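As a starting point, one isolated chain is supplied in structure tokens, in the form predicted alone.
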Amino acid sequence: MAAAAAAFHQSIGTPHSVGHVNNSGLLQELAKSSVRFISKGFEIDIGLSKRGCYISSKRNVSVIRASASQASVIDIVSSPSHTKANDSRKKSNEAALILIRHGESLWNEKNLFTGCVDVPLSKKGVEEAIEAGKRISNIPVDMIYTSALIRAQMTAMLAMTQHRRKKVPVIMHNESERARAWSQIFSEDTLKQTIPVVADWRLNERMYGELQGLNKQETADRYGKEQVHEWRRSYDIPPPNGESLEMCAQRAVAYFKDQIEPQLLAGKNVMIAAHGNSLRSIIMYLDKLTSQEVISLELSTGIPMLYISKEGKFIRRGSPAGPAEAGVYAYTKNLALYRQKLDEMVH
């Protein structure tokens, strides 16, 4: 522990850093397990690899939060006593997982194949993202993951404008040493009111190859409805020079298992804003669907889905109907306590 703590302090230099750190080849992988360093009242939570520290140019330390007064990234409003809440969460390993398919994009509006082309939301898509935010406004969010595409990131950001906790989502930049240094937050109070947002290409929509930018109806007229349906809905047949759902699932599920699932198992509440096919892939993993079952799975744009992660299992709870709905919060004690605290803060 002493050696790990020394390596940690050598890497971040300052206790107020948030972002990704890479120092002289010392690299660790986020959130495979959780370690807390305590010294003279100063506490830090940081995810470490189960394999420990190792040398690699492909892995990064991710410091979720470091502050002199906050015990962990878990929101203090989760319970009347955040210390008791932390202890309870460690025992129950219970967390909320919210999945949101991005709102309608400008190319959805034009009926074009989009894939990995980076286009923004339409006016309707913006409205859908805001409505999604209202539906999850009473559900805790500690971490946000999005794809590298702007329509997913817009959806996440717009949704969080509706959250009653009023924390600000902040994208973590790790492109370079300069990006890490320039995006640091030096106000402890501001830091407490932020939610880390991690964007990664592995959550991208599947790449539609030579269909990207083509009109869907014109493509069906040219190649035949059956052929286009096979490209769009089969599990293992890709469009020309594109990805199949199976190929998309390989990267999306691997990322979920490697980076996101450990956060949930540690009790962090997570929101994922992504795409139809990357989310179908993750749901296939969560619900243990077969390759035949997943091809008939349809996800509406801007409609959040709630799962409860508990003791290594994922329980689907459907879509929260809105901030006035009480039923969804009765599923777990943690969600009920969180909403109760939000109500007390308002009054």
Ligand SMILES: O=C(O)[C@@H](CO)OP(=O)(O)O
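We number the residues from 1 along the sequence you see. This one's a predicted model, so the numbers in the text were calculated from it and none came from an experiment.
Below, we turn to the form predicted together with the ligand, even though it does not appear here.
Exactly one listed residue, out of 251, 124, 192, 216, brings a non-hydrogen atom to within 4.5 Å of the ligand in the predicted complex: 216. The single contact residue among 178, 225, 110, 233, judged by any heavy atom lying within 4.5 Å of the ligand in the predicted complex, is 233. When the ligand is considered in the predicted complex, residue 259 lies well away from it, no heavy atom lying within 4.5 Å.
Contact check for residue 101: a non-hydrogen atom falls within 4.5 Å of the ligand in the predicted complex. Looking at residue 277, you'd find a heavy atom of it within 4.5 angstroms of the ligand in the predicted complex.
Taking the partner from elsewhere, residue 239 is found to have every heavy atom lying beyond 4.5 Å of the ligand in the predicted complex. Residues placing heavy atoms within 4.5 Å of the ligand in the predicted complex fall in a single listed stretch, namely 204 to 212, out of 183 to 191, 204 to 212, 265 to 273, 157 to 165.
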